Every structure is written in structure tokens, then in C-alpha cells.
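Given next, in C-alpha cells, is a single chain: the form predicted alone.
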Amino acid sequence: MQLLLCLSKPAQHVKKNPLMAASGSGSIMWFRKGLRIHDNPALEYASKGSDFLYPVFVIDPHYMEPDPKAFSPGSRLAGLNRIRFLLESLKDLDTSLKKLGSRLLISKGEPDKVLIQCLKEWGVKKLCFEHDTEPYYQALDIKVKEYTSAAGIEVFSPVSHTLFNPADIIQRNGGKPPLTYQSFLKLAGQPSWLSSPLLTSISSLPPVGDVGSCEISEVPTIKDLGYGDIEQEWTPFRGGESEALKRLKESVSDKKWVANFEKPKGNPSLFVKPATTVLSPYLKFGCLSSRYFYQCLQDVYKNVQKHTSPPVSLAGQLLWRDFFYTVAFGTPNFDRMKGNKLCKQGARSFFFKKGYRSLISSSFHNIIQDFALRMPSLNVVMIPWNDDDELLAAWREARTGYPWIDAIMVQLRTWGWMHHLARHSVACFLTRGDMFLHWERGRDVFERLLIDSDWAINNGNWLWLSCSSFFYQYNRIYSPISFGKKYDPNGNYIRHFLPVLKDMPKEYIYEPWTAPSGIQRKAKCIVGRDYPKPVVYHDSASKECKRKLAEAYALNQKLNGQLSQEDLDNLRRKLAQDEDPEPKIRRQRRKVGHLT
């Protein structure tokens, strides 16, 4: 099948669902994610045999209500960029529904309570919604299903947010999630739906019935939600299914680019035209079906002579997404270090692969060798991370003194998105590279500010990048100086997101504190006044991080991962006593000068 047919093929029907549609009755389509018309099995089933269809979205106050105490404008859990992206997605969905003879019904309140009230008021016989693996939605679903079961209401909740059903993969693996990408691929195989055409359009929908006394509104604006007039730079990425499909078409129309896509390659400093699809926020909200995306990629691969393969290919990135969803679904406390029983293969396989032995500094080699040879498996590593609110604020507010890091954090705050290698850089800097702060603190910042923040993927990546689980080559550190310079020697990315440094010569743009005073005056940027001095010195800080991780790994191995809080506290005290005093003194001096 040609790609153009994949993008514009007429409506087709999927195989009939074994569940029989209720006849002559009403249905509720409960939108949470899955904010789309194409490839939406729940919407398709809700419309079959129904006289009336109620498409409902509930404005969840814990996600949408303003929180004046938060470190950036937005709710308790989400920054305004993501809230705005969601509202745009809802508006686009409402427009699409109206073209089909329906509309989106917006209500507000605790989702389970609102939905149960609607079920009672409208007397429907079917409730349909896309299955969600996040703990928050799993808890909501239990409450709603308790009511529907007692009321005799049919529930249809298909898996369509991911390529595979995580529960099926876990079942095939003996009740435990696969903990390596390769084992996941082996278990998953090809998606069962791939041989059948996906329903990519709907010609019409049943009308909306009488809403009774239920409070229903149109899609609200930012101002309607209580945010008033907000002055901030908004993300350049617009929400909605229409924009998602447009971006998808643009991406897959370049067959050569798709065929040669190879992660982790890519330039993280490109921002006018990013070096990736920027489809992640649309996948997060379900404005784009991952299954449709995957099918379109397969059509490209069939029509090129050669292409990259998982894990580095573009299709491989969708499989990574499913891998993290599966591990997260099958791992209690996946979003935290404490109580997370995640296990990993033996350390020998990654410390002593050919080419990696040289990465281990001689001062740590003996302890790592003993650790690798003796350890049969590794729980998620319990690490005594530092707790320094001032350092965290410097990282979050883009004033670390390292322009590459600060520019990325400005892009995060203003755009709600940055390239995956940029994310790797700032996550490494916060945790195992320089600051040695807890990955959960960084995770919380990303969770709030990213428009594509996804519970499973965000937590999985922070576990990975902090070397707390999945990945343990903690000697492989992203330099906050040389890494960005490799891609952008002129510093154009820095000049755009940190205009205070726009006139700094390229020789000093990544290390402005090394510029002579005359150069700083000419560039109108005095380090320590107009732009902060470094909050840590990378060479000594990264050395300290490696030492601390080596000792933490050794203690985890010795105690078989069963560290108590007392063990962690004792290790933290020991590491603090052994810390190199010079960088500590330098940092104390900077604190007195308030990072100047």
C-alpha cells in the first residue's frame, strides 16, 4: 500500500467486536486521552446501535485548577503550556465531532463522581472509554466499574493507546514485565491488528441526547479556568488531532528521512526545525494513534530499499514507548525509588562489554569489578541523593552558570518541549553528572513543564538517566560544555534561548566565566552580574558523583538491594565526610553571593 493511501484512505470497518452492541439505547463515550476520531475503537463501538451518543470530557480540578503555590503558572500538576495544549486538543475534537453531527460535552468535577451522575441522569446502556494503564486512571476505573456493574451498564474499554496490551505481554512473561527492550520485542512480536486495516475516519455519529440537569459547557479557555490574563511565551506546538495528522503526513512524506532515522543520532540544538517529528505530545494525549503512526511507518519501510531497525529506528521509538508502558504497568511504585522492586540483568553484561572497560576509572575499577562479578541481579539502585533546594532551583530556573544546560531549561519552560538528547543532558547534570540530586525532583519538574509529559515514559527515562535502573554505565556522563559544542560550535541555540549571551564570542559561549573581563564587557554580559557563575565545577563535581555512585552500587550489592533508610542515611554521612572539600568551599562562597 502506498503511503498516500495510508494517509488518505476512505473509511473502512474493522472486524466486528465480539461484544454485541445494545440496540435502541444511549451510550457515553468518555474521553480522557484518545482525543481523536481516527483509530478510536471505543468511539466506534459507542456509536454502533445507539440512538444517542454522549461524548464527554470531564475537567479534572486536580489537573486544571490554578495553583498559586506552584513554581510556574498552572495547576498543581501541570504547567500552562500543557493545559493550553490540552484545551486546543479538546477544541479540535469538538470541531471534528460537530462535523459528524455530534459535539463534545464538557463537565467539571471529580471524574468518577461526574460520570456516575451522568450515567444516572441519561439512563445509558453502554459506557465506552480507552483503557489507561496509569495508576490514577486505574483507580478511577475501579470506582466507575463498581457502579456500572451494579447498574447493569455495559463497559467497553479497549486498548488503543499503545501498540500492545501491556497485560498480555506481562502474562506471556510469567506474570512479570520484561525488563530489557530485547526481551520485550521477543515477547511482543508483531502487533495482532497490523494485518487488518484501521478505521481512520467516521462518516457520522448518533446525535447527542437530552443532557437533563447535568452541567454541560463548551470547551473552556485558559481565562475560563481562572488563570486571568497570562503573559508568557507559549509553546509553538498547537494541540489537536488535525495538527497531529498534519505533522505525521509531513514526517512520513520524507521517506529517506524516515528510512535513515537513527536514535540517538540527531542534533539537539536545532530549534527552528527540530531534528525529530515532535509527535510525542500528540501521542501523549492520544491526538495521534500510535497504531496508525506505526502502520504508516511500515508502509514507508515496504517502499524503500533499506531502513534502520529497532531499537534505533522511528518504529523502534514507538516500541520503546510500549516497553516503558509495560514495565510501568507491571511494577508497583514505578514512579519512585523507595519500594520499587524493579530488577535488572547482571552488572557484568554492561560493565565488561568490549569497549566499556576503559570507561571505568582506575580508582573505582576494583570495587566495580567485584560488584559486577558477584552480583546476579540488581534491584533498582537505592542511592543517597543529595537534598539541596538551592541547587534544584538553580537548575529549574536556568541559572546553573552552564549556558548549554540553562538554554535547555529555558526551552523547557517556554516551549514545554526539547530534543531527547537535550533532556538527557539536563537530567544527567541534575543527577549522576554534577549535582547528585534525586531524580524524582527532576522528574517532577519535567512532569509539570513538558507538554508531552507521560507518566510511564517520564519516570522510566529518569530511572534510566540517573542510573537508578535499566542503565548503569554511570561513568558515561554528558559534559555540560563539550556535548552541546559538538553540535552547535557557534552557540546559536544558546544565543536564542539565553539572549544575555547573544554577543559572547563563540570561543567563550559555552564557558563564559573563562572570558577575560574585557571580552565580557564588550559582550555586555558580566559573569556574576548579568549571568551566574557555575554553581558547581564540572570536573570535580562529576568525579565526586562517580565516587558516590560506586560506593552506593557496592552497598546495594552487598545488601542485595535491601537497603533501609538507616543504611542510606549512614552512607550519605560517609559520602559527605569523604567529599573533596575544595568544591564544597567554592559552592559555599557562591551561596553567600546568591549565585553571583
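Heads up: residue numbers just count along the shown sequence, starting at 1. These figures come from a predicted structure and were not determined experimentally.
Note that the form predicted together with the DNA isn't included here; everything after this is about it.
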Next item on the list: Using the partner position in the predicted complex, report whether residue 453 sits within 4.5 Å of the DNA, counting heavy atoms only.
Entry: no
Notebook entry, point to check: Quick one: does residue 475 come within 4.5 Å of the DNA in the predicted complex, counting heavy atoms only?
Noted result: yes
Margin query: Given that the DNA is not shown alongside this chain, does residue 311 nevertheless sit within 4.5 Å of it in the predicted complex, heavy atom to heavy atom?
Written below: yes
Next item on the list: Would you please decide whether residue 137 lies within 4.5 angstroms of the DNA in the predicted complex, comparing each non-hydrogen atom pair?
Entry: no
Next item on the list: Just give me the single entry in 301, 446, 122, 483 that has a non-hydrogen atom within 4.5 angstroms of the DNA in the predicted complex.
Entry: 483
Item checked: in the predicted complex, the residue from 80, 421, 412, 118 that sits within 4.5 Å of the DNA by heavy atoms -> 421
Check: Which of 245-253, 316-324, 495-503, 267-275 has heavy atoms within 4.5 Å of the DNA in the predicted complex?
Finding: 316-324
Next item on the list: Spell it out for me: taking the DNA in the predicted complex, does every residue among 198, 200 and 459 have a heavy atom no farther than 4.5 Å from it?
Entry: no
Next item on the list: Check each residue of 546-578 against the DNA in the predicted complex and list those with a heavy atom within 4.5 Å, in sequence order.
Entry: 553, 557
